[in-house]
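Just one chain is shown here, as structure tokens, and it is the form predicted on its own.
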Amino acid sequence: MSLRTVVEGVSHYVPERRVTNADLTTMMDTSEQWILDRTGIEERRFVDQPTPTSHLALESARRVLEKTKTSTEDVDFLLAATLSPDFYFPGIGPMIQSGLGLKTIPALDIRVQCSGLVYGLSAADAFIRSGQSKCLLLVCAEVQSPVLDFSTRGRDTAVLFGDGAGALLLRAEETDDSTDLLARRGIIDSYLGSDGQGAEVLCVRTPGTSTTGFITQEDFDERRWRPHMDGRQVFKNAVIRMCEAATEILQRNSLTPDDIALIVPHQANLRINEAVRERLGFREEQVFNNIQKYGNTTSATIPIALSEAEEEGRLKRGDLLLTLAFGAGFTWGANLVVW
């Protein structure tokens, strides 16, 4: 017998405020069709300021605990993924722990941006398989709207991002090693990668310790505290690395695209996901996308998509799931899961 990491439940939370492409045309020189053609996004959700990231995280966490009928007393480990914490430090993990009224359990923040879910599932699997956790809460949350540049100068990034959160409850389950691998629920495999040579291709440069004085007036005037992105480089690397992750995880588990019931990729750009799908040879109905409703919620995109896919009946118990992500860092990865 051995331990396996089972996804007990998933839930999500998004702010009520909808910001459409038409709304953005009043702020910058753009058009609804320009945004839709280049990104696949029709609208996104923004918080009313000030709303801390931990607030969204708590809402999604409470929902998955309620959905799975799990007591806060049962949770023995917390992982939190975000690039937009409430404070420069500490991270949001201890804030979620306190807000939920959990015991003084370990609370670990993960800082891998859009790859938060895939790294988070891999880390959770390691903690559970090693016996360090029996009931782990993984929360991915972002509030990005306050730092976006809603001017024509910043439109290439401002049209992309939204706010939201998702949470998964993971449990340890004993399995019979003689049982067929795909007949058992849980995380089968994870594949992770990074390349820091792409760090400045997608980043927020300041505030930070690489700047004298943490942040200068010039930094502020030049808007270096807002997201910077070389869109072409991100697109190219995202397609290459997501295809690499999918190919590797399928090959080492002796699987083909036809074996996968559903692929849930990070929701950064619909054109990226379409390019990945076509290169890998997956059918349209095998891929779940909801970027049109929420934009890029960074670490929260995959959890939100998983939650909606399950609600819509696209993801069912026993389905073989493949997650794919690529994010700033650069970081990327994939998880193979029997739902």
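A residue's number is simply how far along the shown sequence it sits, counting from 1. Here the structure is a predicted model, which is why all the values come from computation and not from measurement.
The next section is about a form of this same protein that is not shown, the form predicted together with a small molecule.
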Query raised in the report: Which single stretch, out of 47-55, 302-310, 33-41, 277-285, brings residue heavy atoms within 4.5 Å of the small molecule in the model of the complex?
Result: 33-41
**Report entry** Residue contact check: residue 155 to the small molecule in the model of the complex, 4.5 Å heavy atom
**Finding:** yes
Query raised in the report: Is there a heavy atom of residue 192 lying 4.5 Å or less from a heavy atom of the small molecule in the model of the complex?
Result: no
Query raised in the report: Would residue 268 sit within 4.5 Å of the small molecule in the model of the complex, counting heavy atoms only?
Result: yes
**Report entry** Contact test in the model of the complex: residue 118 vs the small molecule, heavy atoms, 4.5 Å
**Finding:** no
Report task. Identify whether the small molecule in the model of the complex is within 4.5 Å of every residue in the set 114, 231 and 235, based on non-hydrogen atoms. Result -> yes
Report summary line: In this chain shown alone, the residue from 128, 160, 250, 188 with a heavy atom within 4.5 Å of the small molecule in the model of the complex is 160
